[in-house]
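Two separate entries follow, structure 1 and structure 2, each one form of the same protein chain as structure tokens.
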Structure 1
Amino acid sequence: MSDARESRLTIGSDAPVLSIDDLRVTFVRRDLDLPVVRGVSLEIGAGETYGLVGESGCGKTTLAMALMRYLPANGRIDGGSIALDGEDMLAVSRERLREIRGTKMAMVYQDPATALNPALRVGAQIAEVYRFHGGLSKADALERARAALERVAMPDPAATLRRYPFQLSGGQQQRVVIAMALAGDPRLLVLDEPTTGLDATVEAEVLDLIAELRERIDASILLISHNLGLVARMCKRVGVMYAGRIVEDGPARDLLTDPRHPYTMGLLRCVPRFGMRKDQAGLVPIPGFLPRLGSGLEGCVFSPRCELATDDCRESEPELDHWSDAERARRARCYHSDQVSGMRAAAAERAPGAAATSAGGALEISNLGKIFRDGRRRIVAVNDVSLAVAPGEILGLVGESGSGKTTLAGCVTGLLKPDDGSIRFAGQELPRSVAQRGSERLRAIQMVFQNPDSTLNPAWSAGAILGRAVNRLGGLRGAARRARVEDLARRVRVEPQHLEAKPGELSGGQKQRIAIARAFAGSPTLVICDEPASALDVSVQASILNLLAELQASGGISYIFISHDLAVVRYLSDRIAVMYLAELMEIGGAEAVFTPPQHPYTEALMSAIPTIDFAHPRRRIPLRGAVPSLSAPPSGCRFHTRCHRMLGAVCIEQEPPWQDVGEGHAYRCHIPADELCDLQVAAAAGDPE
């Protein structure tokens, strides 16, 4: 062991909790060595939260798995060191490693459903941690499990112990996983995309919980995320990873407001800032793709995609070194750090044109209702909803999970049969079932789902999938069909070679582009997008949002855009509708809905959005309690059980009236518009929480 490494493994009063030095990880596929992590070094101090960002495939999760010693059988650590509190993690025995996991370090995964055993009750799974690491009896371990759920603010922890994971919401499942991870009071907590797919309000609650628990147990945190706003809120320092390398790191505020590597700036240009609109400034996706695993990388790993690259960049790789003597806390792996700030101005000029909307409704929904039955329970999933979408308009539909957004979309497409109300499209009433709609209506109304894996045939090539859609929706065959497929691929920027690939061989962004191309195969009039970019990298998300805006502008297509990301909804939408517990709570122009007066529920949703705007932090409005059951909704105003502006008996006993703010903006609340505006303006002017 070298003297340098020995010094890194020595515990001192200011020694880091985690120290990774020149770590190299390789996967072996078909006898080929594929480097994934290429010489990564980083340190995390006591009680510090370190954020790790970058596109999918950069090596972030592989780094975390190497740290936890969870690499798959075809993965190996080729060199470097990992020290946890000075202990060499690459030299410990299997028995010692089992002791360390769950006591000194623990991990929370992206999808809690896959981390929990569906066949075991929640209590048994949490208690197992205490029985294994603490040697407790079954009864004592269950009591500790109940206390652990209380610790993570789980509603009714005793009842939760008796439930199975599938009986919990996504946010509740994540709380269970966090409770298990914290059972041994670990020194290091690794969080791998812990809030991806969660509602903005649930995400905010989980982040509040993590921040509170970090202070309580003085744990260090490695947070892996593609959500830059989340990283800005949680992290003291940030590292940016690309192609297995750390290309920049430094204090979070400095790095996210004044980046010194072109890749960091590229990530920031992909994010719609809160208040940003598609007709004011365009998103700028990072061109090209990540290098394939195992490809030879000469020079700077980012040079093939970098607009600042020169011959020096392509010939030799820069060191990760302090970019200036004045800021020793920051490092960047770039020859042109002093030119990066100029990239932002260039991005501001690239704004796609906005599509003009016209009067009259392409889609008119009147008093729509949809009821599900679960045994004796009657679940009203959509209750008396009326709204319209104009030709060439994007209507954003927001609300927490269970609010009725996807059910409403299913009724419009005919995949679900509404029980009440009517749906008119292009002046004619739509049959309630898709089976009763003719081919012309099927062509005109299309849907893009959140998960393309569940909607693309894994046995067919992308070209065959598009060809079938072109044939079924457009009636084209032979050369005309091939030409249409090629045109669709070109419009959604799918490379010709990817048409020969099956979905399993494509990235998430490429699969979603194929799904969008398929929806446009028959030149639709209305496209419903249900969370089409929620789980994608910021660069892929930016290209998808730009694509939807361009298709709207060029074709006059109408959209219903469903998302829990309100910054994205505000960027893309012309009007916004807000749903809560099956009912419409607010509707109006995009800017109006995000400006006081707004429904208290909208106000709380907006306050929960993580932002990278350090200069204008927002006051967080936590929502109290759990979302009520749709089978037994609250009386009066459905939001009164969680509302921070509840007036009293009137909210409990009487349904709220619609308050008309003007210019098509209205909300359902007992508080008049002028009074609510004064309250919200005064609250916004106060100090952020």
Structure 2
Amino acid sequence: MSDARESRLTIGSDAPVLSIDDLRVTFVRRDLDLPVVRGVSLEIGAGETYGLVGESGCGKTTLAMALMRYLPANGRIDGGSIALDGEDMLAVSRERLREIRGTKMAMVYQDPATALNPALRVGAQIAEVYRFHGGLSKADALERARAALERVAMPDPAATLRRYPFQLSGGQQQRVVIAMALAGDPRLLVLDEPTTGLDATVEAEVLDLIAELRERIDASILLISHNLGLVARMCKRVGVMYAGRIVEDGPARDLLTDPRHPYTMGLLRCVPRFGMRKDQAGLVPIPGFLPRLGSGLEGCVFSPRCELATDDCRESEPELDHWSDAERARRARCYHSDQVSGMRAAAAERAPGAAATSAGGALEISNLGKIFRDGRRRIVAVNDVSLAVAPGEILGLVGESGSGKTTLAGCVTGLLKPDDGSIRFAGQELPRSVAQRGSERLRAIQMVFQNPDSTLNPAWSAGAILGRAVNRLGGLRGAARRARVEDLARRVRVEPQHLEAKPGELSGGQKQRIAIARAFAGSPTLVICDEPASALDVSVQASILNLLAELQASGGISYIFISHDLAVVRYLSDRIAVMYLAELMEIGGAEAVFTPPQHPYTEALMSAIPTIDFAHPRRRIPLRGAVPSLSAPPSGCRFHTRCHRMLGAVCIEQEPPWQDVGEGHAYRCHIPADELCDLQVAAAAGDPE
């Protein structure tokens, strides 16, 4: 491991608020030393927003924890220095540390629901900061808390003070957490994945707030995220982390449009940009795995996964400023920085186009309804949904959490029994419960689940899992069964020796591949993919999406593809259905749904995606208010409480009609198609950001 100090480029204002130099953090796990942060140096100037990007396990959260001196008991700082406002953070006393946390720096964590104490009113929690750090009286502190909520643009701050966290929406909770973090007027605000786990529209709301605060407060911000688009939107400068090191840094826009490290390029190539389609360009996954913590690392850490790697890379590691451009304030830890831009062309490998033939429906859902009963409460999770999936078609299903997408999928698979309506499959009525369906239909309808860690039985080997599926769904035994298992493994590109392994020994991507192979064991005709790639790192996500696209195209199989990621859905789907609060809002061709006329909800969802496309900034449509409760859905149009195009009383009183745009595209709104189209085209032409 090279321990040469990285030379520092001074960027931005003269005195940095935060300066980290050659920081090393090691975790001890099962008696082994695992270096997690391996010599990171960075500086954040006054008022600057710095973004730290990288996949899970690259050490970004550990860096933040070390910064706050919040490392767990098995973590220790091995070397380097952290200076906040010139003060050595590694030498301060416990007392001083308590003062510094809150007043000099503050942190906002990933999940607002667990960051707040559920048993205390919001007001008391924010006031606590003022009482602790400011020594204010209870009444004064509460007054300051109200002002703090006002600052984060909380609607009705006085009333919010008296609420408990569970009475607030996810976005409002995160506002409260941010208000608390800002309460001590910190010099540095650390945001660790502040919007991960929040819905797209809520994410956009929180990002808008942060963007706005950035102008108003004089704190510097360190934003940690795995999402390049988000960092691109929020930060002036970006550092890309890989295996505990910064591999590239520089101004966000410059870095993301002209990456100089193959890893940065790799990250950019494996996420579909919004508007990208599978028949236009394939995604390029980063091959291989993140090196296991504690394994011997020689040469450039990225070299085993790098297509540009040469013997030099494998022998010695380049310095962070091996390639640097002082004028653009750019640095990259790579010997071949000048070749990185050339990777782009080589990447344009096309995924085969899907041949969707809409002759007759493979699946027809009509007037489907599903009600959950919780004591006396009735929760209508799916209300009167009708849609059809043609053979060989990929239907994308999008919507915020709680919109009923997964429940709908559950009803199709038979794992949930619908209460209303009917599902016809290949021209025949499907029995409601999976137990009554018979082996032929079980074979034909399969599912790929979301969580790679629980989708496979940890006690079974991968081969046994596939073997059982082949036996049950394909009816094969003995040698035929073994042959089929090996064939399946080949198709999902899992090496035969991994069939011996149990899920605990496989990577997330491999587990998901086995799960996909399991679903394909009996040659299904309809596969439901419930967020199949969203729990995976982006580099792995790309290979899973490619695999799904390839399997679908080769066999004329229909998919129902559920995802909250609009770019992914648009990339993969032939048609898209948009759900909101248990109802279908819009359905149509993948392109049609994303161009005017479109349902105002789809319009808002689309505007909420953070983008790396600097040339075409998207106009943001903020959604008002929180998602209403399913147990008491709004009258009339369910979306009227948050709609930015609400007409008036008619939306509240009457259920909207389906507006048919033609070519199978229809949406549910009181505004007629041509009128809505004019409105949306005018809005798009109006103010771009």
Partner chain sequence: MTFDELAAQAAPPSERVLRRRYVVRRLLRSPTFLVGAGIVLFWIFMALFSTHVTRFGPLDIDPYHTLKALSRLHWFGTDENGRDVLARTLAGARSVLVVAPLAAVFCLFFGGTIGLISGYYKGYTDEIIMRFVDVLLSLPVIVAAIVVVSAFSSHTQGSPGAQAAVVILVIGILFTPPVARTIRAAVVSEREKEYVQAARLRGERAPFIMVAEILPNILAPIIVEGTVRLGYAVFTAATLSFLGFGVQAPSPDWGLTISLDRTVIQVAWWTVLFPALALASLVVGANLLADGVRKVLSE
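Everything numeric here is computed off the predicted structure, so don't read it as measured data. Here, residue number means position along structure 1's sequence, counting from 1. We call the rigid core the largest set of C-alpha positions that still match within 1.5 Å between the two forms.
Taken from the form predicted on its own, structure 1 is distinct in origin from structure 2.
Core-aligned CA deviation for residue 28 between structure 1 and structure 2: 2 Å or greater. In the core-superposed comparison between structure 1 and structure 2, residue 69 has its Cα shifted by at least 2 Å. Residue 407 shows a C-alpha shift below 2 Å between structure 1 and structure 2 [criterion: core-superposed Cα displacement of 2 Å]. Fit the two forms on the rigid core and the C-alpha of residue 132 turns out 7.7 Å off between structure 1 and structure 2.
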